[in-house]
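Okay, here we've got a single chain as structure tokens, the form predicted alone, with questions on binding and movement later.
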């Protein structure tokens, strides 16, 4: 695909997301005219772009959607739940058509075409219902004029003059039609009393395509014909032009809307007002003369705003001036934002991160050689180089950081559709949408979040009758929250539903022989049984859930991202799933430690402090740290490293998820920039190790999984505290000088 098509696909998906978000807001606030205009503009932008790249199947369907949106915008149709649902389905269909274009297929498949035709027929039903309203749209009520406007300009135009705003599409000439022929034929309906040619879209000579049309017109027409008669003239090019028609008795709001929808970005205030028919050029010229005279009299360098003078001369309504100024402000802000953004393909960023990772390794090697050489100047130079590499690394990683808000926002649609299917009232609350994390993490966290949200909607939130009986509000709430904590990002999915029934979970686990009736499990362990493969407490399978497929997939996908998922629940009050993920999957700051001849890296964000200790012998793996019990784990025993430990060992105190633990190592080797290298498929089930890295010496060091180690330490101590715990428990445990034991598998 050429570059233009790629840009269109990307921008169309952004417009579709805005359109869908607007439709969800529209259902809550049907009277929001600005929102309706924004939805229409999004659809119109998609349709216009499809014409440029000559994608007929997107252009044709989007034009049908645009018709019903135009009826909504003109007040000829009213917002209803059924119409909002239909338009959301149309958004989905437009997304699938864009996928067809992205797959470089010439036409959509027959099944997709038939689905589009079915949607078109349903759209036509709504259009037919609004036909009576549309027929009378030319007889709009004249706005009351309280005498603030003395000339024919402003909110009420001459009673026998129509205002026609048209922008011809680029393919009009290629279709063999002449734009001027439509203008001439328009004159047969009456008298054209004013016409303004809009040539703003004409590019520079070297970029101009002689077969493309770049013209638009603002026309004043005196006629006794109806709006439908005027529209009929442009039927042959209706799908390849942008046409707006204001009747002789239009309201101020109609002119305000026209100003806001003008496609040109470089219009000055006076040009806007003249082109939309709110003022005549004579009135503008008089205003400019008054502006100049006022400046000369006052002696001030800054002239008064033209809008104030026009309102003072009583030739225009203040609302129209305000709309024009707002339009100008939007254009300036949009250009400022676009000037600050540069689109970069994700693959190029990934390549940059990989190269910086290699630079980090090479820098560490150079630093090591400098230290061995004992050359002070060389050590200083490599030290400066290391700081620069660290700054480059942080800046490059920041390029891949995106806000999680876009991922959260898409669940508005999910909550809306699922709640209607289930017959429940559910609202979605989003907080922490501006929290940033690595783009690669965002792309992979969507599916696990979808599972958790759907489970909250189906199993968590009770039916309305049950909520009312429990004294809860009829409308349930599902919350999505994100925040940073100890170098990780925490995502919480919570609901105010009925919570998890521990007795039911335990009974189901015993039935499936996951545990024995005599097992003594804590509340947390009982709840975590829901993550077992195939586990479900639902008595009846629904189309959403209940087959036991989902929660184990959630945990597996999150663990693949070097993250963890925990669940807390209060029966009758609700459930919260807490996901902890690393901020990035590429490069981190690490703390290098040694055990025997091997080196290990602990993520620096998880390190709290380091302690030296001589006497660590004993049956219990914990010590008294300033009045608090600190459980610890010996890496030498965990990885069965041969040889005797040194006389003085060190404890690295780490923290994860509010829990602290100690990791006993032979020596501390300082901070180290760590380029994370993923483990091979052979080691995919290895716990306690999250990856590997290459040291400056060329040796390989393993990166420790702090979350798994903290979990092992705490469970090891629980084994001592609960000696009657049956070993058939499916939870992982660390025992003495062995590695990992996963019983019951």
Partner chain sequence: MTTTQTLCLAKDMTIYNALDQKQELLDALSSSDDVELDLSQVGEIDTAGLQLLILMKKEAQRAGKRVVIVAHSQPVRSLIDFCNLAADLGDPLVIPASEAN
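Only the largest set of C-alpha atoms that superpose within 1.5 Å between the two forms is called the rigid core. Source: prediction; values computed, not measured. Numbering follows the first chain given and starts at 1.
What comes next is about the form predicted together with its partner chain, which does not appear here.
- Annotated contacts: 195, 199 and 215 all touch its partner chain in the model of the complex [non-hydrogen atom within 4.5 angstroms].
- Checking 405, 95, 248, 179 against its partner chain in the model of the complex, a heavy atom within 4.5 Å turns up for just one residue: 179.
- The partner is absent here, but in the model of the complex a heavy atom of 208, alone among 103, 560, 125, 208, sits within 4.5 Å of its partner chain.
- At the 4.5 Å threshold, heavy atoms of residue 184 reach its partner chain in the model of the complex.
- Of the heavy atoms in residue 204, some are within 4.5 Å of its partner chain in the model of the complex.
- Heavy atoms of residue 630 never reach within 4.5 Å of its partner chain in the model of the complex, leaving it off the interface.
- Proximity of residue 510 to its partner chain in the model of the complex falls outside the 4.5 Å heavy atom cutoff.
- With its partner chain omitted here, the record of contacts in the model of the complex names 170 to 178 of 568 to 576, 170 to 178, 405 to 413, 368 to 376, defined by a heavy atom within 4.5 Å.
- Residue 218: CA moves 2 Å or more between this form and the one not shown after rigid-core fitting.
- Annotation: Cα of residue 430 displaced by less than 2 Å between this form and the one not shown, core superposition.
- Residue 205: CA moves 2 Å or more between this form and the one not shown after rigid-core fitting.
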